[in-house]
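A lone chain, given as structure tokens: the form predicted alone.
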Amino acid sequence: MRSWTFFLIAAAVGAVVFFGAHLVVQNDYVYFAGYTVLQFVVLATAWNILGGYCGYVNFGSAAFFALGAYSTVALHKLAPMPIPVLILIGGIVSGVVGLGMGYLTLRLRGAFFAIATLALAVVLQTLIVNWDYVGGSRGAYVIRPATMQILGFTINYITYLFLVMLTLAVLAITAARAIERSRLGFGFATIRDDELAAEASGVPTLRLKLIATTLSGGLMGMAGAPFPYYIGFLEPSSAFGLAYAVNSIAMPMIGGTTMWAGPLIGALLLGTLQQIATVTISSAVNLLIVGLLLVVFVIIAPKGIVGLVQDRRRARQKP
């Protein structure tokens, strides 16, 4: 109970600090950058459900993200819908694909599973490139409104998207935290530690892995659903970008993969550094920053920032 109170207080303080900084700076780019960072918080948290809790490395994060984005494009062409509805539908579509991917590939392990998820991303990108209804290789425009009415207040639409992604990030973190401390999370941990021993002990490993792939894929699709409104012009190279696959893996590994806080810390650290580099240097150095930090943390802190803090705390408690 105390940890939940600390979590809620920390979230409230973070929101107050952010909006206070915006009032001081008076720059709408804060919301552009904030949206991107929160988007990576959701992606990193979603990846960690399968990659961190279960120990199955997924290289297909960009595929699920793009599924959510292109679900929005397809529905936008039929009839414009509210963003929350699009997020729900994008999550369902990506979750169903995640369930199918899990059923087909989760009997594979280690590098074979990772290669299969990468192949899934390539197949889906090829299908999207040849699907003219959503723009194909030409891409598709999604015109967003300039403003949005919320409870009688008129706000900038980018601010609205930021608030939507902030809500989604809080929900993703809350879900990951609840999973970690539940029987489901303990089942995931047995798979990560020793899957053969877990199967021998009667743990329904295949069912748990299917749940993990569905939850992970669904959250990634939800993160991608608002993306067309944010970017304005969606094309396969942007939706299936390498940055989404790399960041969704690197952020949990840098923050720590065994706790819900790890992806959050890694995403905030890496996402903020990348946004600063984009403004001051160039967006071309973003993946370079990720690579350098990943190498440094693999050498210095293989368990990530959270694991490093836990190890030092245990060392101090020893007599």
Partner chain sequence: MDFQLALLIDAVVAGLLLGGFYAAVTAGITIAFGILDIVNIAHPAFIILGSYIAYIVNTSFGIDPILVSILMLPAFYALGAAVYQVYYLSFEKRGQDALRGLAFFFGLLFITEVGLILTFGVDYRYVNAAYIGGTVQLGPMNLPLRMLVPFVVSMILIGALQYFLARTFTGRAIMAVAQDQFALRLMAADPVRIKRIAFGISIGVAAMAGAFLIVIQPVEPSVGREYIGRVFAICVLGGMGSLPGTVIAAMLLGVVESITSTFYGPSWAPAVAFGFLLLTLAFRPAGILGR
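Bear in mind the structure is a predicted one, so any value in this text is a computation, not a measurement. Positions refer to the first chain, counted from 1.
The same protein has a further form, the form predicted together with the partner chain, not shown here; the description that follows concerns it.
K.L.:
State yes or no: in the model of the complex, is some non-hydrogen atom of V93 no more than 4.5 angstroms from a non-hydrogen atom of the partner chain?
P.N.:
No, V93 is distant from the partner.
K.L.:
Taking any heavy atom pair closer than or equal to 4.5 Å as contact, tell me whether A245 reaches the partner chain in the model of the complex.
P.N.:
Residue-level check for A245: yes, a contact with the partner chain.
K.L.:
Any chance T126 has a heavy atom within 4.5 Å of the partner chain in the model of the complex?
P.N.:
Because a heavy atom of T126 falls inside 4.5 Å of the partner chain in the model of the complex, the answer is yes.
K.L.:
How about L163 - does it come within 4.5 Å of the partner chain in the model of the complex, if we only consider non-hydrogen atoms?
P.N.:
Residue-level check for L163: no, no contact with the partner chain.
K.L.:
Within 4.5 Å of the partner chain in the model of the complex, heavy atoms considered, which of A277, L269, V57, A33?
P.N.:
Only one option qualifies, and that one is V57.
K.L.:
What stretch, of 277-285, 260-268, 37-45, 63-71, brings heavy atoms to within 4.5 Å of the partner chain in the model of the complex?
P.N.:
Of the stretches listed, the one contacting the partner is 277-285.
K.L.:
Check each residue of 114-132 against the partner chain in the model of the complex and list those with a heavy atom within 4.5 Å, in sequence order.
P.N.:
Sequence-ordered list: A114, I115, A116, L118, A119, L120, V122, V123, T126, L127, N130.
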